[in-house]
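Here's a solo chain for you in structure tokens, the form predicted alone.
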């Protein structure tokens, strides 16, 4: 129980660090990646049901606390995306890198679509402008960084320690 709490606290710290400091450091032309989607997709792909959903909820809450203007909206959308990714994970063969990258891209596209529509009250004039100038660059940047994160997660390093034979 204590180890689970420590893991969730570390996850909250990681989400806060990524959405604030790391996003500002990696911004290109004013476009910051959505590390929240990357973290949630990686958690859902690598974890069990009992860990994935509380972790996705915690990640969404921490990110929404850092951006309080639409508190709760991002959490709800991220949790729904985590549930959708979980369902797709159960029904798809995700052994290929391309399938996981497409899943990440779809998750970020869904997040941008729902978040911008709800945040801007479905105003089509504003939404067209936001999708081209904000959502599309964020989607592309998040997809590239998410692909790198997925590839790094796939690496397995084997360390062999040989016992020195003494005479």
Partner chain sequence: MKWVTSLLYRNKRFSLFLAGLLFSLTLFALPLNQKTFVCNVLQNIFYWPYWSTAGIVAKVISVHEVNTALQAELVRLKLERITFEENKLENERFREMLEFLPVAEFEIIPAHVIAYDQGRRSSSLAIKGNRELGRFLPVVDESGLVGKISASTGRVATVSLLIGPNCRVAARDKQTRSLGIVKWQSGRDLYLDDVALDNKVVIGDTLISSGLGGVFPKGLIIGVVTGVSSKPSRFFREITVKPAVDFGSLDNVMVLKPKSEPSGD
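None of these values were measured; they are calculated from a predicted model. Residue numbers count along the first chain shown, from 1.
Just so it is clear, the following notes concern the form predicted together with its partner chain, a form of the same protein that is not shown.
Chemist: Of 122-130, 100-108, 45-53, 137-145, which is the one stretch near its partner chain in the predicted bound form, taking non-hydrogen atoms within 4.5 angstroms as near?
Modeler: Only one stretch qualifies here: 45-53.
Chemist: I'd like to check something about residue 31: if you look in the predicted bound form, is any of its heavy atoms closer than or equal to 4.5 Å to a heavy atom of its partner chain?
Modeler: No, no contact at 4.5 Å.
Chemist: Given that its partner chain is not shown alongside this chain, does residue 92 nevertheless sit within 4.5 Å of it in the predicted bound form, heavy atom to heavy atom?
Modeler: Residue 92 lies outside the contact set for its partner chain.
Chemist: Considering non-hydrogen atoms and a 4.5 Å limit, does its partner chain approach residue 66 in the predicted bound form?
Modeler: Taking the distances in the predicted bound form, the answer for residue 66 is yes, it comes within 4.5 Å of its partner chain.
Chemist: Within a 4.5 Å heavy atom cut-off, is residue 21 in contact with its partner chain in the predicted bound form?
Modeler: Residue 21: contacts its partner chain in the predicted bound form.
Chemist: Hey, which residues along 11-30 are within 4.5 angstroms of its partner chain in the predicted bound form, non-hydrogen atoms only?
Modeler: 12, 13, 14, 16, 17, 19, 20, 21 sit within 4.5 Å of the partner.
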